[in-house]
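Quick setup: one chain, the form predicted alone, written in structure tokens, and binding and motion questions come after.
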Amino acid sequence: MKQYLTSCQHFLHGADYNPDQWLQYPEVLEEDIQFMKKAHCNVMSVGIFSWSFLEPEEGLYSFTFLDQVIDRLTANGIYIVLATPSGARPRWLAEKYPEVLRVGADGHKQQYSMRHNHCFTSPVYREKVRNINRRIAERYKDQKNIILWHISNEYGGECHCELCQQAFRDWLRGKYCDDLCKLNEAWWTGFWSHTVTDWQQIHSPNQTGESNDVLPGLFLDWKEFVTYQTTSFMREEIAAVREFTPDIPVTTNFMGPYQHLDYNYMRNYVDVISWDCYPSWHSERGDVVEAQSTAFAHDLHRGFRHQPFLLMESTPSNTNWLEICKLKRPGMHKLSSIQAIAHGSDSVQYFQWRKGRGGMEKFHGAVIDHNGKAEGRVFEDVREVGILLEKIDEIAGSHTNAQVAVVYDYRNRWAIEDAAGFQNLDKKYKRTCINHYKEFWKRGVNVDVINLDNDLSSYEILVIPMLYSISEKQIGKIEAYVAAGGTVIATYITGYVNETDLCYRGGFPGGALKDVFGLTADEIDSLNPSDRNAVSFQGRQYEVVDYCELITPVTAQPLAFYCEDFYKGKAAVLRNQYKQGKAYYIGCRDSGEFLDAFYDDVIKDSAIRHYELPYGVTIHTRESEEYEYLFVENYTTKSVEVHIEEAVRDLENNEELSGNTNVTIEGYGVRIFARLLRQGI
């Protein structure tokens, strides 16, 4: 954490620690410290769900157990991530102040249950959260071993109570400058005579009122408001702890490509990005596919701030809430943990340290199992990772240099998945983004997963899959990027609507994108699940599924053509030279082989370093001022050999390897090398 957690200079290895579950077993708490040391853990997150212990009655605070835990961890040199407990409110709060409970989209108030079943708008809930947060921060403000605030836990959900309805209307009035004409235009309310004539007529989308597909603009604004209101609540939490601890950075744990909040907005208000990662290893779709999806999510979180992030939660064993709860096979825990490090994490942390005796996660993987012993396969896997992180500690704080960016946009996902048209069952936006991402992943090319708010100038290649919703400002940004020499790659259903889901006049893609790509997209054919077409590219035919867009070239050069149906012979893939740059447009979705051939050409035509690697093997890099660090990962069960051209140092084995060497990577294995940057590439 050298760049942004100045009080900690090392990789973090630890877990969510919930000693409040074990207060009646003091011997357990004593054992925990020795077990942590044996596992080479140097950090624990505490207090995440402790509100009912810290404030058992309104205004009655009890910090005895947390004092003891913090003192014990501090005395043993274990860093502390201190949490605010708002993710799970106590029963007394819901019973005394029922307004804090959420109202569902069906209009019914929910009962006390689960986590985050609370209204983010409620003044009472905000007050009670501020009070408990201030009490915690004031009490522990002088503790030197606290390196980070963990604000709440996995924010999510929405409330449709009258407080939230009025807050939504107030937010809309601000967004549309108190002008209903602007709102009616943005939402296209003239359709089906839905014109709004009074702000009080507006209600959130729900099962008995306005549905998402009738007024998409309403739906998009509601989703944006939910993010805004959640962030507003989070900012109040942060302000409460910063009042006493202004120098301790803050984070909250995101959840990957979670579709219900726009993390690109929330990222602006935390100091450190962290997230909770629970892949479905060993599922029927295969570990290589799972590795690609997980890597995409890691790069998404690194891309939020373009700095190292924290893996806040993972499991050393199984995840208990999947349909099928597979155990990690030997080697997979080390491999998956180092995958996070390879993509920019400066930590490996677990939920949770010790399995609880009851509750819904009693069979969720943890470091200490129900046998209560620091032994066994899972514990040894955790210990192995802890030892390895100490060996590679010099990598902590290093950065990732990416020349490629793939755009994943939360608001675009809301818009395209809600759009009535194309394929309504599943438009596969996220899967499409990952399919394009994987072409770089399997060639060992570092990728930033970003949205278009980012500076694009450092990227040689920009990929914008299914960017259905795009503002005029974003169009201008892409046009400027390509004009200055960048390469952009787009797909079918790009540039159809603006940010409020209004179709661009003059056809698709909208605005200056027609000139950038040198074409018009005239129609799009949605294929049945059993339908197949093909495209002819460089003398080979490649299978096409789901979508075939009918395209008219203007200045673009066709690269591939459809082989079947009434549009046989029409252009399917095109390339356009636009000023100093190039723009590619892929008008169809393929089953995988075409993208492999297409990106092989594009990458070889660029100056981007890449590798020829066996299936399921990848290389990713991080850099310090002096070294490039290479992580060679094998997501198959078979041993493979990988060629290393230059002299490197094996960090795990402390072994120098001469250049032009083949190294063996065992099944589910990983090797980590350091290469002096002055040697060149």
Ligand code: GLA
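Nothing here was measured: the structure is a model prediction, and the numbers come from that model. Residue indices: 1-based, along the sequence shown.
The next section is about a form of this same protein that is not shown, the form predicted together with this ligand.
Enquirer: Taking 4.5 Å between heavy atoms as the contact cutoff, choose which of 233, 351, 481, 547 touches this ligand in the model of the complex.
Expert: Looking at the other structure, the residue within range turns out to be 351.
Enquirer: Considering this ligand in the model of the complex, which of 225, 278, 265, 504 comes within 4.5 Å of it through any heavy atom?
Expert: Contact residue from the list: 278.
Enquirer: Report yes if all three of 154, 253 and 364 come within 4.5 Å of this ligand in the model of the complex by some heavy atom, otherwise no.
Expert: Looking in the model of the complex, the three residues 154, 253 and 364 all sit within 4.5 Å of this ligand (heavy atoms).
Enquirer: Which single stretch, out of 122-130, 382-390, 485-493, 356-364, brings residue heavy atoms within 4.5 Å of this ligand in the model of the complex?
Expert: Result for this chain: 356-364.
Enquirer: Just checking whether residue 313 would be counted as a contact of this ligand in the model of the complex - the rule being heavy atoms within 4.5 angstroms.
Expert: Taking the distances in the model of the complex, the answer for residue 313 is yes, it comes within 4.5 Å of this ligand.
Enquirer: Is there a heavy atom of residue 49 lying 4.5 Å or less from a heavy atom of this ligand in the model of the complex?
Expert: Answer yes; at least one heavy atom of residue 49 falls within 4.5 Å of this ligand in the model of the complex.
Enquirer: Using the partner position in the model of the complex, report whether residue 377 sits within 4.5 Å of this ligand, counting heavy atoms only.
Expert: No, no contact at 4.5 Å.
Enquirer: For residue 92, is any heavy atom within 4.5 Å of this ligand in the model of the complex, or not?
Expert: Residue 92 lies outside the contact set for this ligand.
Enquirer: Hey, which residues along 294-324 are within 4.5 angstroms of this ligand in the model of the complex, non-hydrogen atoms only?
Expert: Counting only heavy atoms within 4.5 Å of this ligand in the model of the complex, the contacting residues of 294-324 are 313, 319, 321.
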